[in-house]
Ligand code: ASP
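Below sits a lone chain in structure tokens, taken as the form predicted alone.
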């Protein structure tokens, strides 16, 4: 880890909170061709290091004493579950060394909600953990990354953010990992928290929480010693019910899993159902076969998050994250190495 500017620029100022910034890539670290600087079109994600990102947010060092580390530099569409465990281990190690100090993670927007929820499951509530992202690459006009990073550091440095689970900061809003989702493919204000709305706001007046973190059962994974080296990732697939869904995809998965040509074998299916969670009758017949074969089947609405029950507030990709982590701790593993 590297230390950035340990002396406060403000004479007479008290000690600043200690904040670790972990870089993983994404659009926030993206670079566009010179010809497209104005719009950011045709950019490559995950180019700039986290040190360059911090340099693009002047004044951030006034709010925290910063350390930073680059875990990876990728487009988040290419992220895998191994990254969740690497991030969780890094945050745990930071908490053990730095106590109540906060942590910021720069991440791509595409899979931010999956990483945020996974970390919310893997980490005990404690010092702030804040993910942030950008919709425009670093050199685009009105690039949103520098401000989002600036705000994320401020939230991570604020004691009021502690104990609220993993948070996401973008466009002046503070979202809970349970609720946040990317709701538009290109708009600057791409992230939302559905009907619940954001937990709070960060702006010129500082950090202001306007509601409490949603209550949900504590995850059993928070005390797990799992690492990317010893994990055996199961297979949990997403299937969508739609007009004409005949279930052949599910039957193909079952056949390949039974034959041993699908590795790791199929452990669970998350089904995006129509309406409040209905499924085409032909697809339902295939899902019944899957359940009889020992595959867990979980139907969720394709129109938004689940309402009530074990997965209340979770959308389909977060339900998949939850089932992955549950299956990972199931002793009935088939010995496959994790897919990074």
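Positions refer to the first chain, counted from 1. Computed from a predicted structure; not experimentally measured.
The protein also exists as the form predicted together with this ligand; that form is not presented, and the subsequent description refers to it.
Determine which one of 234-242, 75-83, 252-260, 194-202 lies within 4.5 Å of this ligand in the predicted complex, judging by heavy atom distances; exactly one does.
Correct option: 75-83.
Looking at 119, 167, 135, 155 here, can you tell me which has any non-hydrogen atom within 4.5 angstroms of this ligand in the predicted complex?
Of 119, 167, 135, 155, the residue with a heavy atom within 4.5 Å of this ligand in the predicted complex is 135.
Tell me, which of 182, 265, 171, 92 has a heavy atom within 4.5 angstroms of this ligand in the predicted complex?
Only one listed residue qualifies here, and that residue is 182.
Does any part of residue 128 reach within 4.5 Å of this ligand in the predicted complex? Heavy atoms only, please.
Output for residue 128 is no: heavy atoms all beyond 4.5 Å of this ligand.
Is there a non-hydrogen atom of residue 68 within 4.5 angstroms of a non-hydrogen atom of this ligand in the predicted complex?
Contact check for residue 68: no, nothing within 4.5 Å of this ligand in the predicted complex.
Using the partner position in the predicted complex, report whether residue 27 sits within 4.5 Å of this ligand, counting heavy atoms only.
Taking the distances in the predicted complex, the answer for residue 27 is yes, it comes within 4.5 Å of this ligand.
Would you classify residue 311 as touching this ligand in the predicted complex, given a 4.5 Å non-hydrogen atom cut-off?
Because no heavy atom of residue 311 falls inside 4.5 Å of this ligand in the predicted complex, the answer is no.
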